[in-house]
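The chain that follows stands alone, in the form predicted alone, written as structure tokens.
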Amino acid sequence: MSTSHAVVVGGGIAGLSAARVLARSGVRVTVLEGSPRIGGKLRVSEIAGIPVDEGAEAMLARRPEGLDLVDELGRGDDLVHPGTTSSAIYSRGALRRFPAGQVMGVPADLRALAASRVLSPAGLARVPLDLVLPETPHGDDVSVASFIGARLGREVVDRLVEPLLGGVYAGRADLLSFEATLPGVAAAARTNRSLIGAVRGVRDAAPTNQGPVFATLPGGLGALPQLVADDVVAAGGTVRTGATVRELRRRDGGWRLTIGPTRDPEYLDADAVVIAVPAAPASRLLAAEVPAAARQLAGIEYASMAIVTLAYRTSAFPRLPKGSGYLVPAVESDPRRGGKGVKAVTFSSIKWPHLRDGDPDVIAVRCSIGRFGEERTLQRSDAELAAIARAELAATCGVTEAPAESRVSRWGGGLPQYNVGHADRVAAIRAAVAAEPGLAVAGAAYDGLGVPACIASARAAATRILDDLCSREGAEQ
């Protein structure tokens, strides 16, 4: 396949991972990234002299794809793991430990749930009704709030499930798909009348010693895209930035891509194309040749968010935090406590002890602001968003000193929403794309937002392209 040319549109971790598989398989690869930098939502920069991620800060260590990629790049021994994953939730006026025995907020241990005091007495009393209620019908996909609320009550949704899903999708439980966002729980619920019983089964089936939950690189997860890009180039590929693809059309058994401004277009021909950009630009590129996929992609909504990173001296904290951070349910976003808009706080220097090696006197804190539908909050200035984050830490941690440095990272339209019907939508996209030889899609819009899921998506796309190219070459011989 050395004569075949594949173009990957998008230089995020999915696009780069797909390009790496193709290049390592002998395909001539060109990666086209429209922005001035590669990496997509993975980016790291220094604050107060410490490298702290501006986007995703870790990858799941219990999925193999991310760890395998780092190992293949020769950096497996460099991986670091959290010093603590103990987290809390702000509920009913106080920070409270997350109850033990839960899966994405769905409780399995009612004693632990009661001891956590996350729920009100009325909300707690509602939960065990799940054990005696008739089975909830399993028909078409429903929202997380609809199914879990019917089984366990609305408080479990608002104060446990939605905050955890908000940390992943920045979404709303009333809109997010139960099947797409909680697939393991949804599958177990299909064979168990009680949701509590289903979650207990999920926990019982999990390995007893799964090892660390998360992993990252010492220089930040934002360092990973460049490592992959360097490997692509070493295998003979090309990685271009500032190369926006405006149009994709069929041509002579392959594809023609139009790049750059309309007044001075550049044309690039390819035998195969992997589209690894968010849903909206992917929809525009596919509109002419694969309209069925384009229509479905246009229906995937995105949430925007911002991450405010604050670097404090240790003396700013009356007591150093013990856990990795805490979540703030949407129902607790009360302007009277100065925390409006903050949905999650991560004590990065506590969660990742290696960050304190450079300067033990600095504590880096990341505050996530913005949920789906809260675009007005994100229209505020950087100074205003930083003030919101500082007020949050003053209210919950007693931090009144000014930070030594602050940074605001904005991710407009950064998180795809896996709303009700998402699985059917993705199946329709894939079916339409599969009908077109030499074309594949990859990225966070389809089967998972995390880094390992994006890598898995990329490898599946690359495998499809390789199969198509092999079939084509075989037919020509």
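Model, not experiment: these values are computed from the prediction. A residue's number is simply how far along the shown sequence it sits, counting from 1.
Separately, the form predicted in complex with a small molecule exists; it is not shown, and the next lines address it.
* **the small molecule contact in the predicted complex: Leu164, any heavy atom under 4.5 Å** => Leu164 lies outside the contact set for the small molecule.
* **Any non-hydrogen atom of Val9 within 4.5 angstroms of the small molecule in the predicted complex** => Yes, Val9 lies within 4.5 Å of the small molecule in the predicted complex.
* Within a 4.5 Å heavy atom cut-off, is Val342 in contact with the small molecule in the predicted complex? -> No, Val342 stays farther than 4.5 Å from the small molecule in the predicted complex.
* **Touches the small molecule in the predicted complex: Ile13 (any heavy atom, 4.5 Å)** => Although the small molecule is absent here, Ile13 would touch it in the predicted complex, with heavy atoms inside 4.5 Å.
* **Proximity to the small molecule in the predicted complex, single hit among Ala386, Val362, Leu217, Val245 (heavy atom within 4.5 Å)** => After the contact test, the surviving option is Val245.
* Listed residue that, although the small molecule is not shown, lies within 4.5 Å of it in the predicted complex (heavy atoms), from His422, Lys41, Arg430, Arg28 -> Checked against the cut-off, the match is Lys41.
* Asked: With the partner removed from view, which of 446-454, 63-71, 44-52, 433-441 is the stretch that lies within 4.5 Å of the small molecule in the predicted complex, judged by heavy atom distances?
  -> Looking at the partner contacts, the answer comes out as 446-454.
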